[in-house]
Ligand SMILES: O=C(O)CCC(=O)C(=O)O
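What follows is one chain in structure tokens, specifically the form predicted alone.
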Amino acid sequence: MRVRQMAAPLGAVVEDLDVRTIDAETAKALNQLFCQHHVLVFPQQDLTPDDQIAFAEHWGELIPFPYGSLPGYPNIIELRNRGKSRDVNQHWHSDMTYDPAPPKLTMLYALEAPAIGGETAFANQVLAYQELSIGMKALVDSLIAKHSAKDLARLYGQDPEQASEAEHPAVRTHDETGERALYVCRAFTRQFRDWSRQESKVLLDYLYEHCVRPEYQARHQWQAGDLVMWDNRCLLHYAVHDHGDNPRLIHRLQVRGVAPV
């Protein structure tokens, strides 16, 4: 296989590798690349849902999505272009931060991709934390943030009172690398523990703007056959809907993580 850097802030493209054929030693080498680059892209794959699951299980136990899945595959959901007005992913977020133990990685496999547009953007939260001032680091290091799925439940027609909620450090330590990363997102973070919503909003709005500065970002332009995995422990991502009604069909799954510390 050949590895080339995707962009300066994050990401690597792994070429000339059929992910259906990897063994434990290759998976270990790929995990080292994953921890270093946070996003891995495997182009020109030809995968069934079972193939995607088998590859993902090298990284741990898969988890179901609580709001619907691919028939026969409770751990895979289908992401299909249903128009910009019905796209619920047009915001910067880390997946399922409202769970006590959010997924450590998300893996997408593209069956159809638009010729132009439809990119996924990523923002490196390790860099975002590193470039805070000493005083701001001291403040956010001390904070616990409340995350909620109530708004997501409403979108899916579920009872918001039954939606998952969790509290996590505003800065989390990566359980494999020890790197520190900001861990708040506009989609799910509601407020800080022992702070009011109004007080929290002032700081959260600043962090939301800071953590997606252009110098922390990279984008992936999808092609059919692309398999992409990213690290939810230290990245935000954003599904850019600039492809109109052009087809975009992706299978998504996730690997269980640990409680952030």
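For clarity, every value in this text was computed on a predicted model and none was experimentally measured. So that there is no doubt, residue numbering starts at 1 and follows the sequence shown.
The form predicted together with the named molecule exists for this protein as well; it is not shown, and the discussion that follows is about that form.
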| query | finding |
| --- | --- |
| Interface segment, criterion being heavy atoms within 4.5 Å of the named molecule in the predicted bound form, picked from 210-218, 231-239, 47-55, 33-41 | 231-239 |
| Distance check, Thr120 to the named molecule in the predicted bound form, heavy atom within 4.5 Å | yes |
| Distance check, Leu139 to the named molecule in the predicted bound form, heavy atom within 4.5 Å | no |
| 4.5 Å heavy atom contact, His93 to the named molecule in the predicted bound form | yes |
| Ala101 within 4.5 Å of the named molecule in the predicted bound form, heavy atoms | no |
| Among the candidates Ala113, Ala153, Leu108, Val171, the residue which, in the predicted bound form, approaches the named molecule to within 4.5 Å (heavy atoms) | Leu108 |
| Leu79, Arg248 and Arg252 all contacting the named molecule in the predicted bound form, non-hydrogen atom within 4.5 Å | yes |
